[in-house]
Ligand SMILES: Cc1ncc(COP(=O)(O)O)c(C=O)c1O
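To begin, one chain is listed below as C-alpha cells, in the form predicted alone.
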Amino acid sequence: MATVTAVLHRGVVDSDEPILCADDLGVLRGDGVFETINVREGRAFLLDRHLARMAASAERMEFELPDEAALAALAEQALAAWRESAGGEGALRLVATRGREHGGPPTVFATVDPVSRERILPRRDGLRIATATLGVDADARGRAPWLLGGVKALSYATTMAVMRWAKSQGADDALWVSADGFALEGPTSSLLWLEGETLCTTPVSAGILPGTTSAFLLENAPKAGLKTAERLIPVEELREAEAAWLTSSVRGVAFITSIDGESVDQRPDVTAELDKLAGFDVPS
C-alpha cells in the first residue's frame, strides 16, 4: 500500500512529488512540529486532541499554525484518499515547519501510511526496556522552557539515537530516566503503571509530552474499575510495579516485560481492558 500525501492549499499530490524547498527550516534545523495519529476504519482516532497538542507545540515554538479547521480539512483530504486506495489500519502524520529560511508561510502537509505488523506486535508481545538517562533532574525542563519539554518537535535526532542505542543493548525500546532517578516517558511513548487498582502516570510538570492515548485511557479507566493518579516514580519502584505499559498513538498499549533485563510483573486482565478502552486490535 502506497503512502498518501496531501499538501495544505494543494490537496492530494503524488507521493513522489517534491514538496519541500532545500532551505526549509524543518529540514535544516528540525524547526517544526508534528503529530502521528492512529487511523482505523478510515478515521483518525482522537484527531481533535492531536490538533490541540500540535497547536500548543507550535505556540511554545513561537510560530503560527493554520487554524484547526484548516488542519482538520487537510487531514480529511489525506484520509479520503486513503479510504479509496487502501483502507486498513494506518498512521496519519501531520507536519508543519516554520517555512523557508528567509521567510514565508509554514510548510504544512499530511501523509498516511500503512501500519506494519512489526510496529504493532508489542501489543501482543510486550516490550523489553532499557533505561536511559535524560541527564537532567525531573523538574529541569519545567524551569528551562527552551529545552522544549512537552513539545512534539521535528528535531528527533536524540530520540532516534536513544532508540538505536536501546536496540544495541538487546532491548525493544528505551525509557527516559531523570538524573535524580525518576522514570519519565519513552522516547515516543507515555508511561503508565499499576499500583493496586490505581492506574498511574507521570505528571506533565516533569516536562513530558502530554500523551493523547494515555490521557484517553486515564479518563476512561473508571469504566474498567480503575482509579487514576499522577506522580513521579523512582525507576527502582517501577521495576516492582504490578504492571507497566508504554502507550502511543500508533503502537497502542504495549506492556513492559523487562527493565534493564529484570522481569516486570504482568496484569494481562488490565492490559486487555486498556486495549478495549482505546479500541486497539491485538495481532494474533
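Residue numbers here begin at 1 and follow the sequence given. Treat the numbers as computed from the prediction; the structure is a model and nothing was measured.
Here the subject shifts to the form predicted in complex with the named molecule, a form of this protein not shown in this document.
J.: Pick the stretch from 22-30, 59-67, 246-254, 233-241 whose residues have a heavy atom within 4.5 Å of the named molecule in the predicted bound form.
T.: Looking at the other structure, the answer is 246-254.
J.: Taking R53, E185 and T213 together, does each of them reach the named molecule in the predicted bound form with some heavy atom inside 4.5 Å?
T.: Heavy-atom distance to the named molecule in the predicted bound form: all three under 4.5 Å.
J.: Is the gap between L209 and the named molecule in the predicted bound form 4.5 Å or less for some heavy atom pair?
T.: So L209 counts as contacting the named molecule.
J.: So in the predicted bound form, is the named molecule close enough to W165 to count as touching (4.5 Å, heavy atoms)?
T.: Output for W165 is no: heavy atoms all beyond 4.5 Å of the named molecule.
J.: Just checking whether Q77 would be counted as a contact of the named molecule in the predicted bound form - the rule being heavy atoms within 4.5 angstroms.
T.: Contact check for Q77: no, nothing within 4.5 Å of the named molecule in the predicted bound form.
J.: Against the named molecule in the predicted bound form, would S189 count as a contact residue? Criterion: heavy atoms within 4.5 Å.
T.: Contact with the named molecule, yes.
J.: Exactly one of R123, K152, R128, R93 has a non-hydrogen atom within 4.5 Å of the named molecule in the predicted bound form; which residue is it?
T.: Comparing distances to the named molecule in the predicted bound form, the residue within 4.5 Å is K152.
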